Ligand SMILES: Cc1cc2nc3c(=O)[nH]c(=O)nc-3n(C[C@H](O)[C@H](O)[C@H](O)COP(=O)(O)OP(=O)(O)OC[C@H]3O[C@@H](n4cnc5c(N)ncnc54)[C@H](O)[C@@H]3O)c2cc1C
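Starting off, we have a lone chain in the form predicted on its own, written out as structure tokens.
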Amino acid sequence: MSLDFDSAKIDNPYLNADHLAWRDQLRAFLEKEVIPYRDEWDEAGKIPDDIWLKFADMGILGIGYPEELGGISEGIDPWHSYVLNEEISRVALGGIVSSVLVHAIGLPPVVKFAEDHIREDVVPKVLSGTHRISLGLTEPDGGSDLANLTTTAVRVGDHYIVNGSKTFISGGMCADWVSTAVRTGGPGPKGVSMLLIPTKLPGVERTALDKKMGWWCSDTATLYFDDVRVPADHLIGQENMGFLVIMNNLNNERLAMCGHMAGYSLTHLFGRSHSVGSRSRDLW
């Protein structure tokens, strides 16, 4: 008996007929809209803008988000997202997840903790594919050590004045907003807040990070904030409680990584080709 991407999997008793139908729809979509262009996009270092609109029309961007904000939530459970992450990893194009699906880490803080008028403005635009959002945590000096981040946000009247920088920000060059971890209080995690920073504001600058290993097509950036005046109502959650906002999304991120791990592993063993750097090579 020969094995392939599907038959090599251990049976998952939690997947029902709806999950399997979703898998079939995703696979047909990705084989038409993504797989033929993998190498072209890697060489260009960019994914075409219309892909976001196609992913939105397919329901990929909105899956699991509230219906009233433009999402698809009725009948949806975590296994629908797991199937999505497994199937998109089967594409063997590392940068597509960190670009087209980066809203999965940048948007949930807004959905759960932002003020209503911010949520109602931002979320539908992102889920429709017309606007983009990223997550700004990692810093040039401290990496992902959030407890010791140095980007500051000082409250002055109705604004926060933000200074500092973030790096290795997935989707950062094209993001319209960045859910950003900033220091509003003292040292350690109790002084961290989350602030939604519109990238069109004066004082926001961006530099692209090119040729990431295995992620050539990924939109990745270093962000600089120089006296950026962010409206105070863009605070996500409570001041100095941002660490809890960040932690709130980690379980979903870990489940997504499990789907990616399974998809990439099976693709490496049984897929038609595997992306290496900017090229693809046959495995057998």
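Quick note: we count residues from 1 along the sequence shown, nothing fancier. Being a predicted model, the structure only gives us computed values, none of them experimental.
From this point on, the text means the form predicted together with the named molecule, which you will not see here.
The named molecule in the predicted bound form comes within 4.5 Å of a heavy atom belonging to residue 135. Put simply, residue 215 is close to the named molecule in the predicted bound form: some heavy atom of it is within 4.5 Å. The named molecule in the predicted bound form comes within 4.5 Å of a heavy atom belonging to residue 168.
Using a 4.5 angstroms threshold between heavy atoms, residue 142 counts as touching the named molecule in the predicted bound form. Here is the short version: of 173, 91, 105, 162, the single residue with a heavy atom within 4.5 Å of the named molecule in the predicted bound form is 105. Stretch 143 to 151 is the contacting one of 121 to 129, 67 to 75, 83 to 91, 143 to 151, since its residues have non-hydrogen atoms within 4.5 Å of the named molecule in the predicted bound form.
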